[in-house]
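In structure tokens, the next block holds one chain alone, the form predicted on its own.
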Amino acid sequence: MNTSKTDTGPDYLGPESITDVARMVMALMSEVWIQRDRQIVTEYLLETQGAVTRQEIDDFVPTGDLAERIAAERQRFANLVAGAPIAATQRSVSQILERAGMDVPAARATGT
């Protein structure tokens, strides 16, 4: 265990483990995104049809506003997860809100 001190705290993993950790994070991101995407589609189908089957969810291809909403949510999710290392060193409220894809109040954005 490498316990050298960095700006973000002790470094518990050696460099040989970093690639493995990155692969695990990417696999988890993929699985979480698939679940989130199916949840959005399920909610949409329930709202518009009142009932839904597994096959309808599997076969559904979003279009229009829903497709745009899903793309925006995917980008927000990617920014949040991929931005986590930055969060360890940049911790202002404005930076956290921006990273999460949320609106930053004007007073915070201008620092007033």
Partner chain sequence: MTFLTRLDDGSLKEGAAPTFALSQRGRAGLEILGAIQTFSSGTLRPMAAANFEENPQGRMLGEDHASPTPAFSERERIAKARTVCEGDAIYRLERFFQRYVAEENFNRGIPAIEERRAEFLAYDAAMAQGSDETPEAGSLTLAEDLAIPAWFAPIEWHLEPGGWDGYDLYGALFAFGVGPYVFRKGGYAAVGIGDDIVGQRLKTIRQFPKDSYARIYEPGCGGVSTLKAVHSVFPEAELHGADLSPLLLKNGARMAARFGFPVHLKQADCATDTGEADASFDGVITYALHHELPPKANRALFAELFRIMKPGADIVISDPPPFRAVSMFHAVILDWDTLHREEPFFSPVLHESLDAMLEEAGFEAVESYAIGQDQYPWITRARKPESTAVEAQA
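Residue numbers count along the first chain shown, from 1. Please read all numbers here as calculations on a predicted model, not as lab measurements.
Note that the form predicted in complex with its partner chain isn't included here; everything after this is about it.
- When you look in the predicted complex, the only residue of Leu13, Ala22, Val93, Met102 with a non-hydrogen atom within 4.5 Å of its partner chain is Ala22.
- When its partner chain is considered in the predicted complex, Ala78 lines it closely, a heavy atom lying within 4.5 Å.
- In the predicted complex, its partner chain sits within 4.5 Å of a heavy atom belonging to Arg74.
- Although the partner is absent here, Ala51 lies well away from its partner chain in the predicted complex, with no heavy atom inside 4.5 Å.
- Interface residue remark: Val41 is counted as part of the site for its partner chain in the predicted complex, having a heavy atom within 4.5 Å.
- Looking at 19-47, the residues that come within 4.5 Å of its partner chain in the predicted complex, counting any heavy atom, are Thr19, Ala22, Arg23, Met26, Ala27, Met29, Ser30, Glu31, Trp33, Ile34, Asp37, Arg38, Val41.
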